[in-house]
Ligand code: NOJ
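Coming up is one lone chain in structure tokens, specifically the form predicted alone.
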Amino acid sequence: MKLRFFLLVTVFLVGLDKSNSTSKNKFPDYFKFGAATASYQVEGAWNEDGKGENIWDHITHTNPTYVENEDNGDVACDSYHKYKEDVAMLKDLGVDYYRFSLSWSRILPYGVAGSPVNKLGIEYYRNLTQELLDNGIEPMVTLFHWDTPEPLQELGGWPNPEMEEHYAYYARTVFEQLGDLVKIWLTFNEPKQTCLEGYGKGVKAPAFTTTGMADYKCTHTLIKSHAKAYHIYDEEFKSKQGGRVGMVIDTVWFEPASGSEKDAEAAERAIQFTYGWYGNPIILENYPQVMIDRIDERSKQQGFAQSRLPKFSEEEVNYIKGTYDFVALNMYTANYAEWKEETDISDVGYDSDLNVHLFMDDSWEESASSWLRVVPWGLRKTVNWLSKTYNNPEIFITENGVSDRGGIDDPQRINFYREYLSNLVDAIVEDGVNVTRYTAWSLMDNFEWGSGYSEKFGLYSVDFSSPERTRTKKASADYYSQVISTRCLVDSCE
């Protein structure tokens, strides 16, 4: 026990030493800064102008206690009506681009392939995108950020292979209607949360708890849907529109809990089961071998006739491989990873298939979110892992930020951005990692899923008690704006 404690303290102090003095390196001239939101979290207008119902509308209305304080996104930040104010905030920040997501249900109220397009929904997104372009801000558009149309969920949702065709129809519709204005497309945001948390652990809508089966089927359909959307764009739109397509995949950094080979193996297994689950089929080929081997073997021992992890055919592997124009990463925090002896073979589930003990250090700074502690050195290690694992691709950081309980003076957020960006610029300048974009989450306080409005991630405060949803700049917005204008984290860069 004493040896393990010593190793943990040593690992922590080494990591802390890398981030406790702010880098004097300057972000390269090509580097771009942005801010992000997502449709259900900010738009409101949940049933206006022909919008259909999505799974978050459904669960918050039929089971209000599913979200803290019985909050919902019916009005949220009211960005549907206040998008010009949002763009004015972005212009004041000085960002190069704005990452936002589209509501599938606002564009296709019935969701299904062949269903009619809601012209008012398209008009809203064209107006928002044009307002951005008129103010010199590039749109970065996410097609899907967790808000499946409810009619599609009633057909089975993402574990149903039929979703591939419905998503392809939606993607093609969006490329046709908005592709003249948008050059950066993200097919899915954090698919692990859609699948593992939505169909496996029940902590995201639609709140199913069939882990070790439905979450794997969901992923299988979703990856094939991504590939289909990529090929649709590549073959039908890219030559005329000149855009680029990728998928946003999230991970925490997994640090070995000691210097042992077993803990190093556990940490690598954890990131393969997290980022690699989605990244490997798209960037390399097929699921990570450690996932295939472990789930195949455990399924066999559990008496299943075939593996619980679905198989891609050789044709599908080749169709999916290479369907990316850049690698996108959402990253917030870190875990220690410690080797575990094998669990009860009768236990069917993702966590048992992974079989790694994950924990956080109590000395890491807390946030308002139980899952998020401040670990700046984790970002540098993560982008280095991506660079090494996937042959130095272009990397976009598509989300990074920290939560608090509110207030205009937010020194924790300033320190968070300073230290995470410090590690990022060192990874670029000193390690040679090809990161070209950084996106702050979030532009403003918004609906934070199961936590409702209790956790605040915004650079701007939103008064959710006011019918006007008044926005107020926080101190962190001024800091981020200064970083963008100077490309520097300190008073004078080298």
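Model, not experiment: these values are computed from the prediction. Numbering starts at 1 and follows the sequence shown.
Below, we turn to the form predicted in complex with the named molecule, even though it does not appear here.
Using a 4.5 Å cutoff between non-hydrogen atoms, residue 371 counts as a contact of the named molecule in the predicted complex.
The named molecule in the predicted complex comes within 4.5 Å of a heavy atom belonging to residue 189.
With a 4.5 Å cutoff on heavy atoms, residue 40 does not count as touching the named molecule in the predicted complex; it lies far away. Although the partner is absent here, residue 170 lies well away from the named molecule in the predicted complex, with no heavy atom inside 4.5 Å. Think of it this way: in the predicted complex, the named molecule has a heavy atom of just one of 420, 98, 254, 332 within 4.5 Å, and the residue is 332. Between the named molecule and the residues 145, 228, 381, 82, the one pair within 4.5 Å by heavy atoms in the predicted complex involves 145.
The candidate stretches are 43-51, 24-32, 427-435, 445-453, and the one lying within 4.5 Å of the named molecule in the predicted complex by heavy atoms is 445-453. Along 390-404, a single residue, 399, places a heavy atom within 4.5 Å of the named molecule in the predicted complex.
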